[in-house]
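Let's start with one chain on its own, the form predicted alone, as C-alpha coordinates.
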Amino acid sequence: MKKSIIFIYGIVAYCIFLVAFLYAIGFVGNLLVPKTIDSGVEPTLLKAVLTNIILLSVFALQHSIMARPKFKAWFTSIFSKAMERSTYVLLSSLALLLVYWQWQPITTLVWQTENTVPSSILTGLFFLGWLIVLLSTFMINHFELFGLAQIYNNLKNRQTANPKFQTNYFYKLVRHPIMLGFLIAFWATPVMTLGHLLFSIVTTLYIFVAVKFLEERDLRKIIGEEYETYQKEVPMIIPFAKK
(Lines give C-alpha, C1' and ligand atoms only; values in the text may rest on other atoms or scores of the structure.)
Protein backbone atom coordinates (compact mmCIF):
# COMPACT_ATOMS: atom_id res chain seq x y z
CA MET A 1 0.00 0.00 0.00
CA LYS A 2 2.81 2.39 0.93
CA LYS A 3 4.60 1.73 -2.35
CA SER A 4 1.40 2.37 -4.32
CA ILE A 5 0.93 5.70 -2.52
CA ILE A 6 4.52 6.69 -3.30
CA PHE A 7 3.97 5.73 -6.95
CA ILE A 8 0.81 7.87 -7.18
CA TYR A 9 2.62 10.71 -5.39
CA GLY A 10 5.44 10.59 -7.95
CA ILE A 11 3.01 10.57 -10.89
CA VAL A 12 1.16 13.58 -9.46
CA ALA A 13 4.49 15.40 -8.94
CA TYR A 14 5.48 14.72 -12.55
CA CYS A 15 2.13 15.92 -13.88
CA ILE A 16 2.46 19.15 -11.92
CA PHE A 17 5.97 19.54 -13.35
CA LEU A 18 4.59 19.15 -16.89
CA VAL A 19 2.03 21.88 -16.21
CA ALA A 20 4.72 24.18 -14.78
CA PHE A 21 7.11 23.51 -17.67
CA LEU A 22 4.53 24.07 -20.41
CA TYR A 23 3.19 27.14 -18.63
CA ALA A 24 6.73 28.54 -18.47
CA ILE A 25 6.85 28.66 -22.27
CA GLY A 26 3.64 30.69 -22.38
CA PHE A 27 4.62 32.82 -19.39
CA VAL A 28 8.02 33.91 -20.71
CA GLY A 29 6.88 34.12 -24.33
CA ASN A 30 3.60 35.95 -23.66
CA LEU A 31 1.73 33.14 -25.40
CA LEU A 32 -1.77 31.71 -24.80
CA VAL A 33 -1.68 31.44 -20.99
CA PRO A 34 -3.84 33.78 -18.86
CA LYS A 35 -0.96 35.25 -16.83
CA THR A 36 2.33 36.10 -18.56
CA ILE A 37 5.51 37.95 -17.69
CA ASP A 38 4.07 41.18 -19.13
CA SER A 39 0.36 40.85 -18.30
CA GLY A 40 -1.61 42.02 -15.29
CA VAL A 41 -1.97 45.27 -13.40
CA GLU A 42 1.36 47.08 -13.18
CA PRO A 43 2.25 48.27 -9.65
CA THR A 44 4.87 50.84 -8.68
CA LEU A 45 8.37 50.08 -9.95
CA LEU A 46 9.76 49.52 -6.44
CA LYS A 47 7.00 47.10 -5.47
CA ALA A 48 7.35 45.19 -8.71
CA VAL A 49 11.14 44.84 -8.45
CA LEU A 50 11.10 43.79 -4.78
CA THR A 51 8.23 41.33 -5.23
CA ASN A 52 9.78 39.71 -8.29
CA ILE A 53 13.22 39.38 -6.70
CA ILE A 54 11.63 37.75 -3.63
CA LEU A 55 9.68 35.32 -5.84
CA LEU A 56 12.79 34.32 -7.79
CA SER A 57 14.77 34.03 -4.54
CA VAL A 58 12.20 31.60 -3.12
CA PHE A 59 12.62 29.40 -6.19
CA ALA A 60 16.42 29.70 -6.11
CA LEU A 61 16.68 28.81 -2.41
CA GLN A 62 14.33 25.83 -2.72
CA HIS A 63 16.07 24.63 -5.87
CA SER A 64 19.58 24.91 -4.44
CA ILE A 65 19.01 23.71 -0.89
CA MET A 66 17.04 20.60 -1.84
CA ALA A 67 19.62 19.66 -4.49
CA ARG A 68 22.47 19.42 -2.00
CA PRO A 69 23.68 15.96 -0.86
CA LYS A 70 23.30 16.86 2.84
CA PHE A 71 19.64 17.74 2.37
CA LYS A 72 19.04 14.55 0.37
CA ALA A 73 20.67 12.49 3.13
CA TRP A 74 18.49 14.19 5.75
CA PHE A 75 15.33 13.68 3.69
CA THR A 76 15.97 10.00 3.03
CA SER A 77 16.70 9.40 6.71
CA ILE A 78 13.06 10.29 7.41
CA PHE A 79 11.17 9.46 4.20
CA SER A 80 11.46 6.80 1.53
CA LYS A 81 14.43 7.29 -0.79
CA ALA A 82 12.06 6.70 -3.72
CA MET A 83 10.21 9.93 -2.82
CA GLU A 84 13.23 12.21 -2.73
CA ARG A 85 13.44 13.19 -6.40
CA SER A 86 9.66 13.44 -6.81
CA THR A 87 9.49 15.76 -3.79
CA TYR A 88 12.21 17.95 -5.25
CA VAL A 89 10.37 18.08 -8.59
CA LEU A 90 7.05 18.81 -6.89
CA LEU A 91 8.31 21.68 -4.73
CA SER A 92 10.32 23.17 -7.61
CA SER A 93 7.18 23.12 -9.75
CA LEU A 94 5.08 24.71 -7.00
CA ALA A 95 7.71 27.42 -6.56
CA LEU A 96 7.49 28.13 -10.29
CA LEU A 97 3.71 28.26 -10.18
CA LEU A 98 4.01 30.79 -7.35
CA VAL A 99 6.27 32.93 -9.55
CA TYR A 100 3.74 32.84 -12.41
CA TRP A 101 0.84 33.66 -10.09
CA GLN A 102 2.39 36.57 -8.19
CA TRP A 103 4.73 38.02 -10.82
CA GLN A 104 4.42 41.80 -11.11
CA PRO A 105 4.72 43.16 -14.67
CA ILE A 106 6.97 46.09 -15.58
CA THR A 107 6.00 46.89 -19.15
CA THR A 108 8.51 49.65 -19.96
CA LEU A 109 10.08 48.66 -23.29
CA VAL A 110 13.80 47.89 -23.41
CA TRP A 111 13.75 46.78 -27.06
CA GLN A 112 11.20 45.83 -29.69
CA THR A 113 12.04 44.48 -33.13
CA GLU A 114 9.95 46.12 -35.82
CA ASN A 115 11.36 44.09 -38.73
CA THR A 116 9.71 40.72 -39.26
CA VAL A 117 12.97 38.92 -40.05
CA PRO A 118 14.77 39.65 -36.72
CA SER A 119 11.48 39.06 -34.90
CA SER A 120 11.08 35.65 -36.53
CA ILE A 121 14.70 34.74 -35.76
CA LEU A 122 14.31 35.65 -32.08
CA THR A 123 11.03 33.76 -31.85
CA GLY A 124 12.68 30.74 -33.45
CA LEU A 125 15.56 30.92 -30.97
CA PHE A 126 13.04 31.16 -28.12
CA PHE A 127 11.43 27.86 -29.10
CA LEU A 128 14.84 26.33 -29.86
CA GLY A 129 15.89 27.09 -26.28
CA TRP A 130 12.93 25.18 -24.85
CA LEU A 131 13.58 22.30 -27.25
CA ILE A 132 17.20 22.12 -26.09
CA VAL A 133 15.99 21.95 -22.48
CA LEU A 134 13.61 19.08 -23.23
CA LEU A 135 15.97 17.09 -25.44
CA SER A 136 18.80 17.48 -22.93
CA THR A 137 16.76 15.74 -20.24
CA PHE A 138 16.37 12.70 -22.50
CA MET A 139 20.08 12.68 -23.37
CA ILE A 140 20.80 11.68 -19.78
CA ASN A 141 17.76 9.99 -18.20
CA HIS A 142 14.55 12.00 -18.27
CA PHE A 143 12.61 9.49 -16.17
CA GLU A 144 15.27 9.33 -13.49
CA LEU A 145 15.79 13.10 -13.51
CA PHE A 146 12.12 13.65 -12.67
CA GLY A 147 11.71 10.79 -10.21
CA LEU A 148 9.66 8.39 -12.35
CA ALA A 149 12.30 5.65 -12.49
CA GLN A 150 12.67 5.74 -8.71
CA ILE A 151 8.97 5.36 -7.94
CA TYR A 152 8.52 2.64 -10.57
CA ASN A 153 11.48 0.62 -9.28
CA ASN A 154 10.21 1.04 -5.73
CA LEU A 155 6.79 -0.26 -6.79
CA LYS A 156 8.46 -3.30 -8.40
CA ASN A 157 10.71 -3.93 -5.38
CA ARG A 158 13.82 -3.03 -7.35
CA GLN A 159 16.74 -0.86 -6.32
CA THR A 160 17.41 2.24 -8.42
CA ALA A 161 21.05 2.31 -9.42
CA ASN A 162 23.10 5.44 -8.82
CA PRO A 163 22.88 7.86 -11.77
CA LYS A 164 25.40 7.03 -14.49
CA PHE A 165 27.73 9.80 -15.63
CA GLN A 166 26.93 10.42 -19.32
CA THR A 167 28.21 12.87 -21.90
CA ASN A 168 25.89 12.23 -24.83
CA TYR A 169 25.14 14.59 -27.72
CA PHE A 170 24.66 18.14 -26.34
CA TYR A 171 26.74 17.15 -23.31
CA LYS A 172 29.77 16.92 -25.60
CA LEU A 173 29.34 20.63 -26.42
CA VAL A 174 28.59 22.00 -22.93
CA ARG A 175 28.45 20.45 -19.48
CA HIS A 176 25.01 21.93 -18.72
CA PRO A 177 22.93 22.10 -21.93
CA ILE A 178 19.67 22.33 -19.95
CA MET A 179 20.86 25.64 -18.53
CA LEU A 180 22.01 26.79 -21.98
CA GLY A 181 18.51 26.10 -23.28
CA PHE A 182 16.95 28.14 -20.49
CA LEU A 183 19.28 31.08 -21.16
CA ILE A 184 18.43 31.09 -24.86
CA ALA A 185 14.69 30.92 -24.10
CA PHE A 186 14.85 33.70 -21.50
CA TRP A 187 16.84 36.17 -23.63
CA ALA A 188 15.56 35.49 -27.17
CA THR A 189 12.50 37.70 -27.44
CA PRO A 190 11.38 40.24 -30.04
CA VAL A 191 9.84 42.35 -27.26
CA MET A 192 11.94 42.86 -24.13
CA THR A 193 10.25 44.74 -21.30
CA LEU A 194 11.91 45.89 -18.10
CA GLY A 195 10.11 43.11 -16.19
CA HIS A 196 11.30 40.47 -18.64
CA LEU A 197 14.82 41.92 -18.46
CA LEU A 198 14.76 41.69 -14.65
CA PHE A 199 13.63 38.06 -14.91
CA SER A 200 16.39 37.25 -17.41
CA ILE A 201 19.16 38.96 -15.44
CA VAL A 202 18.25 37.39 -12.09
CA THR A 203 17.79 33.89 -13.51
CA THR A 204 21.04 34.16 -15.50
CA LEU A 205 23.00 35.19 -12.41
CA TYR A 206 21.42 32.38 -10.42
CA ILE A 207 22.19 29.79 -13.10
CA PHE A 208 25.88 30.70 -13.32
CA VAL A 209 26.38 31.00 -9.55
CA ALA A 210 24.46 27.82 -8.68
CA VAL A 211 26.10 25.74 -11.41
CA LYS A 212 29.66 26.95 -10.87
CA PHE A 213 29.78 27.08 -7.07
CA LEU A 214 27.24 24.44 -5.99
CA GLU A 215 26.40 21.84 -8.63
CA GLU A 216 29.89 21.55 -10.11
CA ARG A 217 31.39 21.21 -6.65
CA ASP A 218 29.01 18.37 -5.81
CA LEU A 219 29.67 16.64 -9.13
CA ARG A 220 33.43 16.73 -8.55
CA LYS A 221 32.95 15.13 -5.14
CA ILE A 222 30.55 12.46 -6.40
CA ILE A 223 32.16 11.57 -9.75
CA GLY A 224 35.74 12.51 -9.01
CA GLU A 225 38.59 12.59 -11.50
CA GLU A 226 36.39 11.70 -14.46
CA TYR A 227 34.35 14.87 -13.95
CA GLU A 228 37.46 17.00 -13.45
CA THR A 229 38.72 15.78 -16.84
CA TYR A 230 35.32 16.56 -18.34
CA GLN A 231 35.54 20.10 -16.93
CA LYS A 232 38.88 20.62 -18.66
CA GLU A 233 37.61 19.36 -22.02
CA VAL A 234 34.07 20.81 -22.27
CA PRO A 235 32.81 24.38 -21.54
CA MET A 236 30.36 24.82 -18.67
CA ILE A 237 27.40 26.52 -20.42
CA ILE A 238 28.56 28.61 -23.39
CA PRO A 239 29.57 26.47 -26.42
CA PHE A 240 33.12 26.97 -27.72
CA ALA A 241 33.98 29.21 -24.78
CA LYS A 242 37.17 28.74 -22.81
CA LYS A 243 36.95 25.61 -20.70
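In this text, residue numbers run from 1 along the sequence as written. Worth saying up front: this structure is predicted, and the values here are computed from it rather than measured.
Absent from the display: the form predicted together with a small molecule. The rest refers to it.
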Worksheet item: Can any non-hydrogen atom of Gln166 be found within 4.5 angstroms of the small molecule in the predicted bound form?
Response: yes
With the partner left out of view, is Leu122 within 4.5 angstroms of the small molecule in the predicted bound form by any non-hydrogen atom? no
*Might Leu219 be said to contact the small molecule in the predicted bound form, defining contact as any heavy atom within 4.5 Å?*
yes
* To do: Report whether the minimum heavy atom distance between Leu94 and the small molecule in the predicted bound form is within 4.5 Å.
  => no
Note: exactly one of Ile178, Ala48, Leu56, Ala185 sits with a heavy atom within 4.5 Å of the small molecule in the predicted bound form, namely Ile178
If we test each of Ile106, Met83, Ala149, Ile140 for a heavy atom within 4.5 Å of the small molecule in the predicted bound form, the one that passes is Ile140
Exactly one listed stretch (149-157, 113-121, 169-177, 95-103) reaches within 4.5 angstroms of the small molecule in the predicted bound form by non-hydrogen atoms, and it is 169-177
